[in-house]
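Listed next as structure tokens: two forms of one protein chain, kept apart as structure 1 and structure 2.
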Structure 1
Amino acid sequence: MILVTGGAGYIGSHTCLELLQQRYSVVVLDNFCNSKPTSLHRVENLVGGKMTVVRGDVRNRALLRKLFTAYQIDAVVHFAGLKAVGESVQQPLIYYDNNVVGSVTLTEVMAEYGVKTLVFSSSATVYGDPASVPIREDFPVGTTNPYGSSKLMVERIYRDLAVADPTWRIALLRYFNPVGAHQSGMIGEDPNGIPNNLMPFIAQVASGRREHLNIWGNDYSTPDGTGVRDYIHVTDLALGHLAALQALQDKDGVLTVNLGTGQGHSVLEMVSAFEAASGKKIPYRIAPRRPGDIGACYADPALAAQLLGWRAELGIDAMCRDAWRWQSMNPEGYFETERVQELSFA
């Protein structure tokens, strides 16, 4: 059985779907601070399978112990955490508590129960502003905000843990820019308030919910001057976690791998691709650079292919098509009135 922390969230829900599809048994632990149980009900309906869902916090040691006692957990996929860069600058302690204390508490309890296989959500943000692209895993790391620092700290803690006890099997997955939605249009990204990220913002402009997109700068040293990123379809990303779980089956130690496509795309390219996918015009204005942004960031994905036997398959057309399907089928995200069964620790 796989414990998925933060399994109701954007990436977690897509990963739960793929896990169920591959016949894994899944128990989700989520406090729903940034998600709704609806996503998990939809996953169950899509797959025609069941998960155990527990409402609770990954920092709650007593609850974790109950979970590990009640279920035969073989491995943990750890998504639970906070992810808004700007908010992390305003509220650093909340970020360190959730992301670092949560990750430490989880592994302490895992060790108590002899469960030592773990897949952790890290981020390309640990590379800061890279000296060159594509980015390899051995590039220098350095962060500029508490969110990024919390990810880097957890990476370091987990590496130290595996040195102290080499029977740990840990995959540190550095995600590039996850976008898109499941091809059914039934699960996707449901940001609170005004989206910070490009794709959900574009999707809301296409649907008429927002007037125009602000493009944060067109004076970067990139082919068209706008920021370049490595957008990766969330389904490809989810499959990367299954590949990591497989790879950890016969290897002690720590795997640190980029999960990206290796392709960089500019903001203007994404706008065109979304217009083509949706048939809608995306009005935009060029605005000043966003503080803290970098010009270009994309992965060298070779190590993931080598160590995990995984590579991303879907391109920006599929990403935009599926993001648009999700947006048009769920203009307000996961609507509140949907009936959800109350979840509790069983």
Structure 2
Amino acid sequence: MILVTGGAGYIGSHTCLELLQQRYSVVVLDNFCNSKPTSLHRVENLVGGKMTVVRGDVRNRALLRKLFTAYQIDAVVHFAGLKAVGESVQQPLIYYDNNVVGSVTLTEVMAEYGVKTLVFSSSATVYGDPASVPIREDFPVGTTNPYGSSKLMVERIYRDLAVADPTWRIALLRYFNPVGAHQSGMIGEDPNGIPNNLMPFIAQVASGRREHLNIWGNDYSTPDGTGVRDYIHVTDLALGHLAALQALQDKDGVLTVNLGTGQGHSVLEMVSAFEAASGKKIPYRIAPRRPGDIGACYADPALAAQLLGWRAELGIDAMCRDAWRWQSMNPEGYFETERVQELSFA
């Protein structure tokens, strides 16, 4: 049985779907602060399977102990965390409390119950502003915002843990930029309020929900002046977690891998690709750079292929097509009337 923290979120829900399809038993723990139970209801309908869903916070030690007592958990996939770069600059203490304290509490309880297999949702932000691209896992780390710092702190904690107790099996998955949606159009990215990420904002502009896209800076040292990122389809990313779980079955210690495509695309390239996929014009305005942003960031994905046997398969056209399908079918996001059965451990 796999415990998925933050399993109702964007990446978490897609990973739950892939886990269920591979006949894993899944328990989801989520406080739904930036996700909705509807996503899990739809995952169950798509797969024709059931998950156990518990509403709660990963910092709640007593709740975690009840979960590990009630279920025979074999491994944890840890997504639970706050993730907006700009918000982290404005509210750093909230990010350190949620992301770092939550991760430590979870791991302490795992150790109490002898569960020592963990896949951690890290981020390419741990590389800061890299001296060169593509980025390899052995590049220097150093962050430019509290969100990235919180991820890097947790990575360091987990490395220290594995040194202290070599029986731990931990995968640190450094995501680049997840985009897209499940090909069914039934689950996708549904941010609260104004989107912080590029793709959902573009999709909302295309659907008429927002008037225009703000492009934060056009004076970077990139081919067209706009920021370049390694966009990865969320389905490919979800499959990377299953590959990591498999790889950890016979390998103690820590695996650190990039999950990206190895190709960088600029903001203007993404706008053009989305216009082609949707048939809609995306009006945009150039705005000043945001604090903490960098010019270019894309992966060297070779190590993931070597250690996990995993490669991204879906390109930018599929990313935009699936994101537009999700947005078209769900113009206001998830409906709160769709619910899954939640268990209470109060």
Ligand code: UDP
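Remember, it's a predicted structure, so these values are computed and weren't measured experimentally. Sequence positions of structure 1, starting at 1, serve as the residue numbers. For clarity, a rigid core is taken as the largest C-alpha set superposing within 1.5 Å between two forms.
Structure 1, rather than structure 2, originates from the form predicted together with the ligand. With the core held fixed, the Cα of V47 is displaced between structure 1 and structure 2 by less than 2 Å.
With the core held fixed between structure 1 and structure 2, R290 has its Cα displaced by at least 2 Å.
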